[in-house]
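Coming up is one lone chain in structure tokens, specifically the form predicted alone.
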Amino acid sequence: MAQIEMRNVQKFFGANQVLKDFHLTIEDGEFVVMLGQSGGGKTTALRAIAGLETITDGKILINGKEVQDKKAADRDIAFVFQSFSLYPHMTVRENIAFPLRAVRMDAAERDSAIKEVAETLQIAQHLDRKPSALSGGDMQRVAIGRALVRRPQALLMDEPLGVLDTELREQMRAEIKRLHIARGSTSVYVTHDQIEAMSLADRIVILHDGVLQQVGSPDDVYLHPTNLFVAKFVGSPVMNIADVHIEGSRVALPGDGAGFQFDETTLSKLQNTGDGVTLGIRPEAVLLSQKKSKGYVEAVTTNIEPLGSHDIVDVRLGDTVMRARTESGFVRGEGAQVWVNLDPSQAHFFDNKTELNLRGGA
């Protein structure tokens, strides 16, 4: 398989720079997901690895050898697109065999390779069918099989589940992860869907406006966001964000005079530019109580979203509305009186100017 390196890669489309000093190492056998908003540069980075886009500057290495000047066909990398891109006049067998015929593989060896990949992807029963007779999930399996059949050094996937419905996406997500584990292949996967990223990745690479924001395990990027963009982008519901005033051990929200008590030593270590501080805290760290308790601040619920396994409850604190995750049915309706506290261990503080996490992403 392959180790892939991108060293200080720059990519311009005319005057528009879509990759800026992009530096990343993907280890042999690793499953890396590139996550970001549309136009963030993730697909361009993937296509640059594949050789489908030339880079303006920098280096791309596969197993230590520079490939930025090599054609896509010479990089021994397979690419799965969002659209199935199957040949409609060919059977499944012929579609999978296409890259093997291109390299003139012996017929017996070719048949053995097709059988192996079809059984792995559970599409052996469809080998003599045309793509039009298959479901969306099976067509994507065929597209993946065609990419894997020649055993490439790495498998690159550009939103391969984007055209599938929710149930098929979940099934195929599990299949892709199972396939990666079984083959131990180096896999690079692009998506804007954070559920796919969190469930598939060994490491997540987050891009925004062509700039690498953070690289880390799913837990790292969720629990320890490097900056405000990552904090707001990763997580559903999104992280609660509010400008705050810190005085001693008290963290006060706009329009809320009571504030919340934190460890003064921790707060004193926050080094910022003097342009103010933004608090970030996830809904599960917003604690609700139905009775007055020490450290809790009185609030009123403004909205309830019942989600089956849990509820998302909006509460108003001064001028700020915060979202809390509670057990199902914990609050009966809007306008209810509750008491709120924040879990200090899960609170993040971001510099208003640099937007960096003032607790060092930890």
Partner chain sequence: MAGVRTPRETWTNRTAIFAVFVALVIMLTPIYWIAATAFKPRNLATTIPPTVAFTPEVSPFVKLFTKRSQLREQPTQEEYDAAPWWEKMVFDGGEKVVRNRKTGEVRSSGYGDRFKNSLIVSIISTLVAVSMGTLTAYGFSRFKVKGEDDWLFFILSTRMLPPVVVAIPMFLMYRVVGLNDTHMGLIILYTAFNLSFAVWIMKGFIDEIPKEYEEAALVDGYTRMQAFFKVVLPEALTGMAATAVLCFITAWNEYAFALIMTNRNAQTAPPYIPSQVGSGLPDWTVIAAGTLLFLIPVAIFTFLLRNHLLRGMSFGAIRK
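Computed from a predicted structure; not experimentally measured. Numbering follows the first chain given and starts at 1.
Omitted here: the form predicted together with the partner chain. The next part is about that form.
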>> Just to be sure I understand the contacts: of 90, 181, 174, 124, which is the one whose heavy atoms reach within 4.5 angstroms of the partner chain in the model of the complex?
In response: 90
> Can you pick the one in 270, 258, 73, 107 that has a heavy atom within 4.5 Å of the partner chain in the model of the complex?
Replying inline: 73
>> Test of understanding: in the model of the complex, would residue 216 fall inside 4.5 Å of the partner chain by heavy atoms?
In response: no
>> Considering non-hydrogen atoms and a 4.5 Å limit, does the partner chain approach residue 86 in the model of the complex?
In response: yes
>> If we define contact as a non-hydrogen atom of the residue within 4.5 angstroms of the partner, is residue 61 a contact of the partner chain in the model of the complex?
In response: no
> Might residue 250 be said to contact the partner chain in the model of the complex, defining contact as any heavy atom within 4.5 Å?
Replying inline: no
> Of these, 284-292, 162-170, 227-235, 92-100, which stretch puts a heavy atom within 4.5 angstroms of the partner chain in the model of the complex?
Replying inline: 92-100
> Can you name the residues of 106-126 that have a non-hydrogen atom within 4.5 angstroms of the partner chain in the model of the complex?
Replying inline: none
